[in-house]
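Next comes just one chain, in structure tokens: the form predicted alone.
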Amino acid sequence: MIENILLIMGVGAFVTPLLGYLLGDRERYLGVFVAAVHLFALGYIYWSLLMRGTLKDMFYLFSSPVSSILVFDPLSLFFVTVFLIVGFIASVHSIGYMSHDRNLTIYYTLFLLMMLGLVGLSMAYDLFTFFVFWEAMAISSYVLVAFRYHLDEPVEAGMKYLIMSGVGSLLVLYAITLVYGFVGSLRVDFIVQYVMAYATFQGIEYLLVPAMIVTLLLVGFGIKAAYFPFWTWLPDAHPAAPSPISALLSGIVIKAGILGIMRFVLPMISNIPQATAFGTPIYVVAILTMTVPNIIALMQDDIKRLLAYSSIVNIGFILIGITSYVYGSPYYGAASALSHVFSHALGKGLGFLAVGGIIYSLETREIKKLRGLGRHRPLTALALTMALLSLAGMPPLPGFWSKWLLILSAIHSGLWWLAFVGVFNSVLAVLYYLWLIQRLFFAEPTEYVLQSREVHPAIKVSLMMLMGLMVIIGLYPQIMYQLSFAAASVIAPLLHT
């Protein structure tokens, strides 16, 4: 099953340039094929689960000199589901949004390569395989950020993203060398056994190596996840990229860092006796990641930069669950963090895709020029409003249910101050969300709005699909909760809580 999922994505990426060559001037229709690849992969996964009736699956790519293993467990299912859903809807959106761009064959090929990397990351059971897919995802995303290379902003943002993310990759690679040197294997279970064995010895010297490995991984993955103080690349990269890529970057690519922490770092931390020593810096980083970008977002007039800073804020919310994990509630902490990964992927994906519709119609990102948009482009404005309300944690949208669980997990761990800061920053974010909504619906339309062109049908379809999915998840949050709690059991079994 595992190899077939990667085969579907890999064959799609291989066929895309050939299909683009055959289509010639009609390469804009490649988006239909790319969307079909995502939908087929997602359908194959759930059809296979229905037929087999089992979830745990492991596949050995090779065993020498370094084992390369893929696993399909509830954690893999969670991230693959989120990645493919957002990727599918973004590819549909691209059919309309990118229709006037050049080099679309390259765009869609890189799109599928990035998604192949993300799907592979979800199923990697060792650091070697994880790093290979990590680089496939990272390199593709660098080029996609700078895809419109004839403009200065994308090239500058792409270079900044490349340099900072490259440093993060080097730190992860250095951690991998340390792991292999001391453990002799890069498998998750063997790494955890090594940490448990070291924990039986007394003395700080026996914890230095595990602590160094954990620190390197937290920093390396943290640069990609864009939490404090490694988030400075994100406000430039996300606005500069084409809007479907912005949706992917903010909705799922930065979650690759969270995936790395979930799969490799948290199981190590949970077996270190002095685990709370890591809890204190994560606690502080969570507070700063929520608060500092939230304040900066209040001063933005570029709607994509505002959403970019909001993405950083929500990474801070995810860190509430990770902090709860470290401080004694691994099951509820991991489940709450994963729930917010899910809800934020949908909410921020919808937000950036709605902004893509706005840019397609008005060709501007300035908020002051968007006044009165709701009267002339109601679908686009409604989609953006739904995204903002979910991000604000308004019931009954998905963001409410995930934030509720995050606050409960913090309280369950005795982190009352962290819970208070989370609520405070959620309220603070509501201020600029409502400020933006007020300008969309209750202000006189600007000349830009009055002269705006009709949104492409493919963009409308993508917005309606994601809005419908958010309504379903909001009304039936157990769908999100079941996936999240099942995934949490992989890294924090019930007997540890």
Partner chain sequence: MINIFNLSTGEALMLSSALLIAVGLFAIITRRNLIRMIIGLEIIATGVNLNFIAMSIFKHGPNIDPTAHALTVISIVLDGALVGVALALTLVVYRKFKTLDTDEIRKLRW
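Keep in mind it's a predicted model, so treat the numbers as computed, not measured. Positions refer to the first chain, counted from 1.
What comes next is about the form predicted together with its partner chain, which does not appear here.
**Q** Tell me, which of L288, M394, I359, V143 has a heavy atom within 4.5 angstroms of its partner chain in the predicted complex?
**A** In short, V143.
**Q** Pick from F190, W404, Y198, Y174: which has a non-hydrogen atom within 4.5 Å of its partner chain in the predicted complex?
**A** Spelling it out, the residue with a heavy atom inside the cut-off is Y174.
**Q** Given a 4.5 Å cut-off on heavy atoms, tell me which of 328-336, 180-188, 82-90, 385-393 is the interface stretch with its partner chain in the predicted complex.
**A** Of the options given, it is 180-188.
**Q** Within 4.5 Å of its partner chain in the predicted complex: all of P17, L22 and D101, by heavy atom?
**A** Contact check failed for every one of P17, L22 and D101.
**Q** With the partner left out here, check for me: in the predicted complex, does some heavy atom of G158 sit within 4.5 Å of its partner chain?
**A** Yes, contact at 4.5 Å.
**Q** How about F424 - does it come within 4.5 Å of its partner chain in the predicted complex, if we only consider non-hydrogen atoms?
**A** Looking in the predicted complex, residue contacts with its partner chain do not include F424, since no heavy atom lies within 4.5 Å.
**Q** Does its partner chain come within 4.5 Å of any heavy atom of Y149 in the predicted complex?
**A** Close contact exists here: in the predicted complex, Y149 approaches its partner chain to within 4.5 Å, heavy atoms only.
**Q** Please run the contact check for R305 against its partner chain in the predicted complex: heavy atoms, 4.5 angstroms, yes or no?
**A** Close contact exists here: in the predicted complex, R305 approaches its partner chain to within 4.5 Å, heavy atoms only.
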